[in-house]
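A single chain comes next, written as structure tokens; it is the form predicted alone.
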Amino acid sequence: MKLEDAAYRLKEFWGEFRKERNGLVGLGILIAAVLAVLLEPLILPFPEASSRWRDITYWQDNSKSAPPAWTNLFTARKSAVALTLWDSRTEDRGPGEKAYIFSYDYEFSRAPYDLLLRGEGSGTIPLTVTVRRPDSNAVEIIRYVLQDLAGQTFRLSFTNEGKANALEFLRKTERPENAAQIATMSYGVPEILFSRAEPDFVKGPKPLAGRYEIEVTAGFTDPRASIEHMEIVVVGRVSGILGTDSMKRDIFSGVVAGMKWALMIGLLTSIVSVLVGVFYGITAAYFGGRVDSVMMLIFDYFISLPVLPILIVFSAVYKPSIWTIIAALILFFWVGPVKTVRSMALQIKEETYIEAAKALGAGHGRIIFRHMAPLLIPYSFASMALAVPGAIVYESSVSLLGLGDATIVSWGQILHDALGSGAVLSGLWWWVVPPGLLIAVMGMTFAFLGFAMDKILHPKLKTR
């Protein structure tokens, strides 16, 4: 019967909740956030973002301070998009020699920052990298020997390793009178590779669109020689869904990785603090007299404390972890539902069934936990939902000041890094807007849920 009664009440609550449009919007956003947390390993372009957010070697092949890829839709001159070329076809070029050929369709006005050849190798392997252009020109851009590898990762930059060859290719088509300007021009290797081979290049390159083939020829005369997981990384001028920051980190991976911490901080703080506040209010109302006076004096003391300044001082002195920040938030947030619960509990304790329970010899604990709390806890659900935004904002504020837990990826930490790097002054809006917007959206989500539940669980509000 108890299970059937609970199912009936839940069905009745859902019937009322469906009528609240704001509540449904909040529920939909919350479900999407929970799915993003559960599917994080599948949707993140950089799966180790949570654990290696501050590891610069993990992000070294990304573009620096690159806008989101979709900004190309709003510009006349399209920028090369960051991507990785995985697929290649293999051709035998003779005894002990193979060619790995990658295709790249270039349809942009602005060339990428660089191209990188990555892979894992063993033994000594001579490599030759040739770029075959749509105009039938072939540029041997890199000639390099990998020495005595033992399964290590190798990484070759076209800009670093191929500058001399790229300039030599440019000199073949440039006017003789411009030869002195070639060595001092600001254009790099990618601009040379992806531009037309015409005179007066130094006055301004013209993009050459079409299919490029990047051919990597490797020699395997060393019996230990082998290459695996070879790929070409295009370091584009625009990157990903939300761009990159000045440390080359993917912003989308950061905000998604920070979502689980926002939900955990908000939900854990609100659930524990509200439950503590509910039982505190019930206990004060039930015992009354001096117990009530002392407990309300403690309540008045805590509710008068300025939360944010104390959190800032606490964080500055102790350099806390995320768990101590949550504990500190609970220490201040429990006062939220006390007044309302106490006033309701004062009425309930005068009910006839409470007097009957006392007459039958029921203990204080049984009356509080078995007779009073079940009636009041449902009314605290709205308080739980409304407490979540405050917890998220407080943690973000502390992290924004550089006093949060630096071992995790939180939205406040991302904003702190943006502030410290001058993102606003540099115009890197994609570094600031997404985490700030998500803090606002998550707060709005739980506010919608809280207002909807408050209206359902407090029938008097329906007339307002």
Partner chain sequence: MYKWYAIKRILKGVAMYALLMFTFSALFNTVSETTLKGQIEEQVRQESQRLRNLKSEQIRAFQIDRRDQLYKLYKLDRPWTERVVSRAVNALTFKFGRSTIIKTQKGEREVIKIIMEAMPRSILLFTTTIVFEIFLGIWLGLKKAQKPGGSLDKSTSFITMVVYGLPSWWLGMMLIMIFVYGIKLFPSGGLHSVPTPGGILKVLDLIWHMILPMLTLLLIGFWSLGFVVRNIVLGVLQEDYIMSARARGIPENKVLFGHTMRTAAPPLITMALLTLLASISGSIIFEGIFSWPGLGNLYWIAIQQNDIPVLLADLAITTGIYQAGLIFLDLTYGFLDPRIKIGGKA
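Numbering follows the first chain given and starts at 1. All values derive from a computational prediction rather than experimental measurement.
The same protein has a further form, the form predicted in complex with the partner chain, not shown here; the description that follows concerns it.
Interface residue among Ser65, Ser421, Ser50, Ser397 relative to the partner chain in the predicted complex, by the heavy atom within 4.5 Å criterion: Ser397. Exactly one listed residue, out of Phe314, Phe154, Phe381, Tyr212, brings a non-hydrogen atom to within 4.5 Å of the partner chain in the predicted complex: Phe314. In summary, the region of this chain contacting the partner chain in the predicted complex, judged by heavy atoms within 4.5 Å and restricted to 249-257, 182-190, 314-322, 356-364, corresponds to 314-322.
Put simply, Trp70 is far from the partner chain in the predicted complex: not one heavy atom of it is within 4.5 Å.
Within this chain, Leu10 is remote from the site of the partner chain in the predicted complex, having no heavy atom within 4.5 Å. Among residues of the shown chain, Gln60 is not one whose heavy atoms approach the partner chain to within 4.5 Å in the predicted complex.
Within this chain, Phe451 lines the site of the partner chain in the predicted complex, having a heavy atom no more than 4.5 Å away. Of all the residues from 50-73, none has a non-hydrogen atom no more than 4.5 Å from the partner chain in the predicted complex.
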